[in-house]
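Below you'll find only one chain, the form predicted on its own, shown as structure tokens.
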Amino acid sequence: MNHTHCPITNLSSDFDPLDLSDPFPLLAQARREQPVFYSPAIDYWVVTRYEDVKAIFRDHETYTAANTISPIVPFSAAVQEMLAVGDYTPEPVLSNNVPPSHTRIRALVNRLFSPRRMKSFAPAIREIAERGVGRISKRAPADIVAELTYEYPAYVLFHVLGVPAADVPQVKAWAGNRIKLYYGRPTADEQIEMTRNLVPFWRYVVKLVAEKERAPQDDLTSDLIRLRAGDDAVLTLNEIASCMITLLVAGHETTTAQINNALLHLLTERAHWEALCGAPERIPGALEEMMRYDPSVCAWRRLAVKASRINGVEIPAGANLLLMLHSANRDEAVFPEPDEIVMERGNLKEQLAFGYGIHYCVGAPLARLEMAILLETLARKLPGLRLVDGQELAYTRNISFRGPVALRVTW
């Protein structure tokens, strides 16, 4: 069958790219029967097998990152005018950038997330975790998302980037709004309303960078300004602001969802939680299996700049690709018994929750550190943690970020 000329199949019609409530059965069917298929709902080719996804990440010349942060619903003329009037000028810097610009900026940003620099933040992160868990420990039952995991990664990331604690609720709200605008399917009116929040978010970041340039502090934004050393050839202030708004969105919404996914599965199969409470040194390894089993970044995007073949399917030049990371991470060819939680897998470093290749998630060391610290704190302070029976889980409709919006627990 020539999928280029007749791309609509049963899988195409059955697949709802924004429905993340239980995507795994259909993805398993796709891996078996049609590992690459076309989704007319969003005009993307969907790639489900591990080796194909990894090969696409590796070949960044054929499959570029240029479309990674493109809105699923193109901005209307009214939205574009609002952004222009609001001086909204972020530019590609990290996840949606391409060499040579990406190579230059990534080399600098990598230096911010070195193991030594991350270790320097660990005491402050532990304090944030202790404070958050201590606050909720007195009032069970609770929605642990609303009470703890929604804000914890934000306080961590904003401390690391130098955002004042008083601004955290506003910046968190702005960031969530941006995800819905870019990765969901807002109506024309919703687009306009969300854009009204996007412009002040950008202006806030530009102002923050200007303040750090005047008075650098002990944070990663100031580190980047120091590396710039006043030289636009190294990095412009607009590029620094673009890095910051990218990190302020990607660096905590994803971590919130990943912590929620981990808690959901550890508490559903509670023997795993009890084992970690008894041996907290195993938590970092357990988190790797949680990221394999249910990654919060469940899909990522690439743009085919020339015609190619993926698993025998002809992909035309200019095609958009949706790489199903949560499907790749459950590929039977790489992870035996993929639908089972197996903490001691020997190849967990092969999981793709943080991507692969030149665009591998720059914030992965921080995400791993803060997730491990929070789970260690919960295991120590609330070992009796368990799920409230009978709750129904809900997931935000979007193509890329999966995690329950609420998770009721008691202890």
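These numbers were taken from a predicted model, which means no experiment stands behind them. For every residue, the number given is its place in the sequence shown, counted from 1.
Keep in mind the form predicted in complex with a small molecule is missing from the figure; the text below concerns it.
S.K.: Taking heavy atoms and a 4.5 Å cut-off, does Arg302 contact the small molecule in the model of the complex?
M.R.: Yes, Arg302 is a contact residue.
S.K.: Is His102 close to the small molecule in the model of the complex, meaning a heavy atom pair under 4.5 Å apart or at it?
M.R.: Yes, His102 lies within 4.5 Å of the small molecule in the model of the complex.
S.K.: Find out whether any non-hydrogen atom of Phe113 is located within 4.5 angstroms of the small molecule in the model of the complex, and reply yes or no.
M.R.: Phe113 belongs to the contact set for the small molecule.
S.K.: Would Thr149 show up as a contact with the small molecule in the model of the complex if we use heavy atoms at 4.5 Å?
M.R.: Because no heavy atom of Thr149 falls inside 4.5 Å of the small molecule in the model of the complex, the answer is no.
S.K.: Within 4.5 Å, heavy atoms only, one stretch in 268 to 276, 242 to 250, 129 to 137, 70 to 78 touches the small molecule in the model of the complex. Which?
M.R.: Careful reading of the contacts points to 242 to 250.
S.K.: Which of Val362, Ile56, Leu375, Val46 has a heavy atom within 4.5 Å of the small molecule in the model of the complex?
M.R.: Selected residue: Val362.
S.K.: Quick one: from Asn329, Thr254, Thr195, Thr221, grab the residue that has a heavy atom within 4.5 Å of the small molecule in the model of the complex.
M.R.: By the 4.5 Å heavy-atom cutoff, the listed residue in contact is Thr254.
S.K.: Contact check in the model of the complex: Leu27, Phe37 and Asn311 versus the small molecule, with a cutoff of 4.5 Å between any heavy atoms. Do all three pass?
M.R.: No, none of Leu27, Phe37 and Asn311 comes within 4.5 Å of the small molecule in the model of the complex.
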